[in-house]
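The chain below stands alone, shown as structure tokens; this is the form predicted alone.
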């Protein structure tokens, strides 16, 4: 059974950075295979991980819709989608990457989206860990593409609006058909002490604060240089903080 970590939050909070640092920590622990899933149509997780991306699952879906009447001989839709899914998988040292890509278009994708979800369920069982970087806002959660989640981290910046939005995302998950384990708030790019209005907003929201990740000049430098966040020094402040947060989450889950 895979252990799935989903990262959500409003745009600009650093979700992709947090997801990348989680993957870096899991890689350092060498405790099993990892599937990284970029569930944001504006795919950037591959850049943060230093991975070249050729195809997204959205590309595969578009291709299938265009060629649904002229599939390769002997292949039905399910087998062809499985084949193309394998082709879309980027295999790296210690982890694999799948990018969802664009999820909207002029045609109806209901059938193909359901088929894709089923294949993902089947495919993901090959991994010990799955780390999902979700699109900004709530859309993927509302479509239930993250319906089996062991740990949901809702990321906010150090602002009242960010924390308030994180609380709304958490509230929405309670009304959906999700197999959801633990949910926590993580405040990214935080100072040593949170501003009083932010603390007050955290106390108002139902999602519990797991902890904070400090602003890290190393990350700024790496992003500007286009370097993989997986190569951040082990003592980089943000990387140390994410390691501590994962340890706390594990302790809380028993």
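Keep in mind that this is a model prediction, so the values were computed, not measured. Positions refer to the first chain, counted from 1.
Omitted from view is the form predicted in complex with a small molecule, to which the following refers.
Student: Can you pick the one in 211, 50, 214, 41 that has a heavy atom within 4.5 Å of the small molecule in the predicted bound form?
Tutor: Contact residue from the list: 214.
Student: Which residue among 219, 34, 198, 207 has a heavy atom within 4.5 angstroms of the small molecule in the predicted bound form?
Tutor: Contact check passes for 219.
Student: Please name which of the stretches 51-59, 22-30, 199-207, 186-194 has residues with heavy atoms lying within 4.5 Å of the small molecule in the predicted bound form.
Tutor: Single hit among the candidates: 186-194.
Student: 10, 13 and 17 - do all three of these have some heavy atom no more than 4.5 Å from the small molecule in the predicted bound form?
Tutor: Checked in the predicted bound form: all three residues contact the small molecule.
Student: I'd like to know if residue 238 sits close to the small molecule in the predicted bound form, meaning any non-hydrogen atom pair within 4.5 angstroms.
Tutor: Answer yes; at least one heavy atom of residue 238 falls within 4.5 Å of the small molecule in the predicted bound form.
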